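Listed next as structure tokens: two forms of one protein chain, kept apart as structure 1 and structure 2.
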Structure 1
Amino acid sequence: MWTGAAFLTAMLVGAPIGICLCLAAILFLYLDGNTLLYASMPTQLFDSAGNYGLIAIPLFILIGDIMNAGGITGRIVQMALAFIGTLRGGLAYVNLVANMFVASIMGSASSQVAVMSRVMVPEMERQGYRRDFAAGLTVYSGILGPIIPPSIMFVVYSVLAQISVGNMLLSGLIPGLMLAGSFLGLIAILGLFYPYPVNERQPWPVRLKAIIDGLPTLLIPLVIVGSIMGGFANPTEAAAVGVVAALLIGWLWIGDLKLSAMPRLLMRAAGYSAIILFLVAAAGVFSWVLTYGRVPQQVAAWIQTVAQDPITFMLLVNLILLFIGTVIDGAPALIMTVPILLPIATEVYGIDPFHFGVVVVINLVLGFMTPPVGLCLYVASAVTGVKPSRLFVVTLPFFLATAAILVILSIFPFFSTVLSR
């Protein structure tokens, strides 16, 4: 109780969230009388960051930065535009489709939103879309990043659940396509209220050139997926191979990437990777402290008195996670909740761990878009200048669509498990 209050206060004062978690953990140990564990905290912080599966995070962030500096992202947009041609609201659909392509390369929602809002929003505004709509659409298209494989969130989940990373990634594909489909429908419906402009007619030579120019960029997802399927590398190693592919394509083929820009690019990617990894480590320490205090057992006991059947349980989990997701983002929330909820899900309610993973991850990804702590809202706001609160209001229809899909996925395991079984 006091721990929660301390965490909230520290967070509202504006201390980094990782540090808020560590301070709350220290306080909890003190209140719980487990002060002997202070001597173990440095070790636990080190070990929580030192998980092999996490290595994919810095590598995927690096790929994103290289793609951006190398002009690769811009070409993906042009290619998608060329495919779609003239259509009312064309660029809105392009935004979504381009995001799906990018999602097949990038594993993190925040880096995807950062990249895509820089590329898409100015272009959409130039063609006459409202900026807040353009930014909001980009934010929700970015949700596909951590759901369509590859996905850092799914990697973290499979490490926690001790299940196959490859199968877990595969489980996200159909739900990701379902979300994309529902967003496409939503764009069409919203078109009745927003007067979408028709995008400029491109002559065929221009379209052909955009497609030809864009083709090399497809090598990056091909290399990543191919090296996993071909037995050449695991997902982490595939990310490293993807770094090389992005580097070579951006530098030698497209030529926008200057090697002189590499030191700054590496520093940036290292800095942002570091704060994500530290957040994961801090959340690891926090959940370790709660576990020591037998909090999971108490929550588990409470849930079991409330939920009588798997479906009630899943819906209850959705509510709890949505609540947690308003304050804690992504991977840390995953690390905090999965060790508590997964054993109940599998042992008491007989829920498939892959099915559970899909529901938990999509739910927590939704947390990226909800205030007060919504990483993607802040990222898009920083890039486009639209206020986070305005972004949330604009994207409310997308929020509701995602929530509806989430309920369907919770009730029917089929969509999550058909590919992984």
Structure 2
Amino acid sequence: MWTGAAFLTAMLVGAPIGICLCLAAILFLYLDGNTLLYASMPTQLFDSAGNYGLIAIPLFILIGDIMNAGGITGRIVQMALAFIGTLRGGLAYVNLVANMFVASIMGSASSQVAVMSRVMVPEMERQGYRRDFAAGLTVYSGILGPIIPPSIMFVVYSVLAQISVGNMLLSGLIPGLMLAGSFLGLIAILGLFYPYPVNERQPWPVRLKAIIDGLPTLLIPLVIVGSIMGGFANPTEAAAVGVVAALLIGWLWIGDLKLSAMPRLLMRAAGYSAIILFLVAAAGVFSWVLTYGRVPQQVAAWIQTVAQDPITFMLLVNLILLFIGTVIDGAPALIMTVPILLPIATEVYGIDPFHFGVVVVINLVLGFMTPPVGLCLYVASAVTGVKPSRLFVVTLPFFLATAAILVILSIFPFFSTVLSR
């Protein structure tokens, strides 16, 4: 109890989550009277951050930064507009499809929402869409970022769970497409009640030029996902090749990326990566202390009194994680919950770790879009000027669609595990 109180107090006063985890671990050992284990904590910190798969994180972040600086996002939007922009409500579909392509490169919900809000919302408003709808659609399109590979959260989960990073990334592909499909269907249904504007039909030469200009950008997700699925490279190697592809496309093909900007992009990626890697290291210490204190076993004993079968357990986990995700950011929430819940899922209920990872990550990403914290709501609000409360009201149908997909994924593991076997 005192350990939990110390953790919450440190978090409420604004201490970084990694520091909170380390303080909680130190206090736990002190109250237990086993202070001799303090000498092992630096080793645990170092070992937790020494996993080879973690190298993929700064590379994925760098890909996203290069893509933004190199004008790749704009080419993807124009290509999507050339394909489906002439449909009724076409720009809404373009927003989602473009976000799906960007998600296959960026792997970060908040970064994706920030970029696409600047690109899509003003254009949708100019074409006659309500600003709050355009911003809300962009927010929920951002949920695809941490689901469709590459995904920083899947990499972190894989390290925590000690499973294959490549297979975990592949596990998110079908669920990500299911989410995208449900959003496309929802846009069509909403179009029956709201008068979506119709875009002007572009001449074929203009559409063809947009497609030709945008096609090279698809090399980035093809290199990353294709090399992993084909067994030619592991996720870290694929991410490295993806960086080179993004650099060459932004610099030589599009021409918007200047090599003089690379030091700034590298420093930005390094800073964000350091935050995540310290979280992972602190989580290793926290998990080590929890195992020593037999906390997972105690939680498992309580859960078994409530959940008698795997499906009930998964639905209970959905409720718990959705609540946690609304008040704690995704990566820290992942790091705090996986060491406790994963052993229960795999050892007590026999749930596949890849299946469990997909459900956990989608739950926590959904928290990005949900008050009171709702990181992506606040990012979109800062960019577009729409109040976060209004964004949540507008996006409620997308919230319900995501929740429905989560229930399906919780009950049927096939969708999450078919590509990882």
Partner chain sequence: MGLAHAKEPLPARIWVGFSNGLLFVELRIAALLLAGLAVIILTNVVTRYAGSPIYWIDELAVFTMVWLAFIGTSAMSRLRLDFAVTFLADIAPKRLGPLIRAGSIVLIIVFGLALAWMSWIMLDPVGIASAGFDARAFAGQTFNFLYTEFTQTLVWPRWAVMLVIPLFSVCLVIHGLANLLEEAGLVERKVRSGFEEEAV
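Definition used throughout: the rigid core is the maximal C-alpha set that superposes within 1.5 Å between two forms. Here, residue number means position along structure 1's sequence, counting from 1. What you see is a predicted model; the values in this text were computed from it and never measured.
It is structure 2 that shows the chain in the form predicted alone. Superposition on the rigid core between structures 1 and 2 places the CA atom of Leu29 2 Å or more away from its counterpart. Superposition of the core reveals a Cα shift of 2 Å or more for Leu265 between structures 1 and 2. Once both forms are fitted on their rigid core, the CA atom of Ala274 lies 2 Å or more apart between structures 1 and 2. Taking the core as the reference frame, the CA atom of Leu45 shifts 5.3 angstrom between structures 1 and 2.
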